[in-house]
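Presented as structure tokens, the chain that follows is alone, the form predicted on its own.
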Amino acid sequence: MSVDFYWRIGMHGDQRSLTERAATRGDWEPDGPGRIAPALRGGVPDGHAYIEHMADVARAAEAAGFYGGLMPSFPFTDDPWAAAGLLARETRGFRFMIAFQPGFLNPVHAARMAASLQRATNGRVVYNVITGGGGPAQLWWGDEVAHDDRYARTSEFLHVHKGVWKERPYTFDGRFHRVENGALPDALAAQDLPEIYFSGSSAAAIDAAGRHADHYLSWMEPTAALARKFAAVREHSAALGRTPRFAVRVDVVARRTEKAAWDVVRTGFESADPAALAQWRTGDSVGAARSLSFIDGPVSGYRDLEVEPNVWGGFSLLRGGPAFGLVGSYAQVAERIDELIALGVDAFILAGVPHLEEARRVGAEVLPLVTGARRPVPA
């Protein structure tokens, strides 16, 4: 089994380190000492744009052996479709996993847009289909659709998206979308559909993933919980005549020694507020509620959030994003990744702060120790 490793590319600035939360990379924070990409030269802006820093991260990740990069999408980020088109010119075979919510796109227009990008990049587009976690972030988009209905909308979007790409003429009249005699031009229809990584932990999400996903994508969780979730996905997919593949999104703090890795976490935790863990209760995200449920008892020290060896649930206190990730020596983190591969995971989205330096570190020090067969980076 070949294993694909993706690296997360920060789309909204970057911290100097996991222990310093102010973003000094990118133009999302006010000008200040030490800021780069863009920066001040002689007291005036140097004219650089943040896309140049994202290009540095993409090039570094490709050189470090990553198969591609995740392009996240939030109200506070650049648009990943536009950024992927620009970064493709800065890399050779690097894939771009574009995160998007289907509810905000027309499936026919999205097919033409993605097929054009596939044609221009020789097939380097991958989808991270997200359906939204409810709450203020969902309302920012003006989306008031209820949780399970959002997944029904996502499922119908993907049905139409695939149909108009590969069938001609394509006609569909559904609950959310209607197409009459649709079709892509020959040159676009000849492109491969991007692989679909599908996120979501609820029953509605698992149903939609079973119908459409190439990879069921989960945040990192304790091993037993992941095993139960994957078993449910396998059972549901089998009933639909499909065999799922699995991917995990996981943050990493890896250092030469375990103590050095935990020292990074301890330093960050000392300036964090454990009460902020409760923010996961906002919105209707089942995945966020699951993450919170794995933290048993009061949290008074950083090791209280270590739910099993090297699996730490406090990353959301140190930077935005999922709660659980891996902390340990290079060898320990590689061992935990191998355990996930044994669980059936054949794709990973790894992340670390700062994105540039950690891409190089993880690529050089951790990936070579993973015994699962890594898919080679295309030339």
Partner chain sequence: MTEVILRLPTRPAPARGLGAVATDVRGDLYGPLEEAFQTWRAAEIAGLDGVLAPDDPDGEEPWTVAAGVLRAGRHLRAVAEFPPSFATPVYAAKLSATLQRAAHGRLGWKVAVGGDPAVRAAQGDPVTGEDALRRAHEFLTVAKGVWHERPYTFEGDFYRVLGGGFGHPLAGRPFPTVYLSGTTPGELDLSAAHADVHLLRLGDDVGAVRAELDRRAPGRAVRLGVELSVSVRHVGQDDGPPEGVAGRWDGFASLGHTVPEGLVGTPAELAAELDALRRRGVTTFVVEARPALAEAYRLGEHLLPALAGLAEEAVAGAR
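Please read these numbers as outputs of a predicted model, since none were measured by experiment. Residue numbers count along the first chain shown, from 1.
A second form of this protein, the form predicted in complex with its partner chain, is not displayed here; the remarks below concern that form.
Listed residues 174, 93, 85, 222 were compared with its partner chain in the predicted bound form; 85 is the one with a heavy atom within 4.5 Å.
With the partner omitted here, the residue from 292, 120, 189, 307 that has a non-hydrogen atom within 4.5 angstroms of its partner chain in the predicted bound form is 120. With its partner chain omitted here, the record of contacts in the predicted bound form names 106-114 of 194-202, 248-256, 214-222, 106-114, defined by a heavy atom within 4.5 Å.
Although the partner is absent here, residue 49 sits close enough that one of its heavy atoms falls within 4.5 Å of its partner chain in the predicted bound form. By the criterion of a heavy atom within 4.5 Å, residue 300 is excluded from the residues contacting its partner chain in the predicted bound form.
Mapping the unseen interface onto this chain, residue 81 counts among the residues with a heavy atom inside 4.5 Å of its partner chain in the predicted bound form. In the predicted bound form, residue 182 approaches its partner chain with a heavy atom inside 4.5 Å.
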